[in-house]
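Just the one chain here, laid out as structure tokens, in the form predicted alone.
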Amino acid sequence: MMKTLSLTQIENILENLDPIPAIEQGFVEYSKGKCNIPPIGELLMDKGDVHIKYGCITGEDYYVIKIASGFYDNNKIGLPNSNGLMLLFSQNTGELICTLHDQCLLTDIRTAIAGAITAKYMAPKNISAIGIVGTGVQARMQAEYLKSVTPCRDIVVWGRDPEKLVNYRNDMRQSGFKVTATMDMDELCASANLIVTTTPAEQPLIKADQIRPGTHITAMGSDTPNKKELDVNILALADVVACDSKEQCYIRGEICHAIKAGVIDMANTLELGNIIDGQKGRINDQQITVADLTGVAVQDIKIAEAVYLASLG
């Protein structure tokens, strides 16, 4: 019988579930070619965008179809910016096994987990401060999940809206962080050597001459062909450029802009799954490294399966 999980049920399950190891293994399986992940379905509209991500891991029990949206002015009318659901099907029969009406919570969590996994393998050992670019849901969740991979609790957060900066600072202080809020990107880049960008910007927010040696940047806001948070010269400057999916990042995210500008070659990039599996990424704490995360369906497969199996008790 098909199961339906509400947002409240999913939240309760997640209290006793750690999806990080499963998602980490999912990146490895993806980079080993074990996943069947078709191109992203995408609907770009004036007020928002919708992504349809779907796929399976060869030989496993389930496949997943995920619909997730971002309508970035929703907060002005009292609604969350993101919404969506995940559908878990049997790979053996095609039957719908479970509808996870997560309202994009699982997408937000698996995205934040990807940031933590990336920092685990690519950030410098000694993190002076965490730079968070943006003040929304993902800006908070990225910091929360970084707790699992670094003892650093100093945040420098950048935003354009003073009120949102104050709200972010207050919220994250309650979560145990020391927070400095700024509207000056120079200040953030001078203070932080682990930077996470979380915005839907379409013009670069950070320039190459702002990045100091030893910095790692996880760029996760740019997940469509038109979004762009980094100056392409940052990728040209970087000692290591990694991504979640070379196939996806060739046409979306920060890497695609750098390739179009002729400043990097995809052949010189690494996939996160390869780094997790032992391929050398960062070698020392003086290197500049960049990870371009556009979100891969294997993350959705792993977290949907984990929540469903946990719901069975």
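Sequential numbering from 1, following the sequence displayed. Rigid core (definition): largest C-alpha set, two forms, superposition within 1.5 Å. This one's a predicted model, so the numbers in the text were calculated from it and none came from an experiment.
Absent from the display: the form predicted together with another copy of the chain. The rest refers to it.
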Practice item. Look at the stretches 163-171, 77-85, 141-149, 112-120 and give the one with heavy atoms within 4.5 Å of another copy of the chain in the predicted complex. Key: 77-85
**Study point:** Contact assignment for another copy of the chain in the predicted complex, among I65, L270, I288, I276, heavy atom within 4.5 Å
**Key:** I65
Practice item. Only one of L43, V263, M266, I251 comes within 4.5 Å of another copy of the chain in the predicted complex by heavy atoms, so just point that one out. Key: L43
Practice item. Check, residue by residue, if P38, I52 and G55 all come within 4.5 Å of another copy of the chain in the predicted complex, counting heavy atoms only. Key: yes
Review point. Contact between H101 and another copy of the chain in the predicted complex at 4.5 Å, heavy atoms?
Key: yes
Exercise for review: With heavy atoms only and a cut-off of 4.5 Å, decide whether T93 touches another copy of the chain in the predicted complex.
Suggested key: yes
Exercise for review: Classify M2 as contacting or not contacting another copy of the chain in the predicted complex by the rule of any non-hydrogen atom within 4.5 angstroms, answering yes or no.
Suggested key: yes
Review point. So in the predicted complex, does K280 come within 4.5 Å of another copy of the chain, heavy atom to heavy atom?
Key: no
Review point. Fitting the rigid core first, would the Cα of M45 be found 2 Å or more away between this form and the one not shown?
Key: yes
**Study point:** Did Q210 shift 2 Å or more between this form and the one not shown, C-alpha, core superposed
**Key:** no
Check your understanding: Hey, does I97 budge by 2 Å or more at the Cα between this form and the one not shown once the core is superposed?
Key -> yes
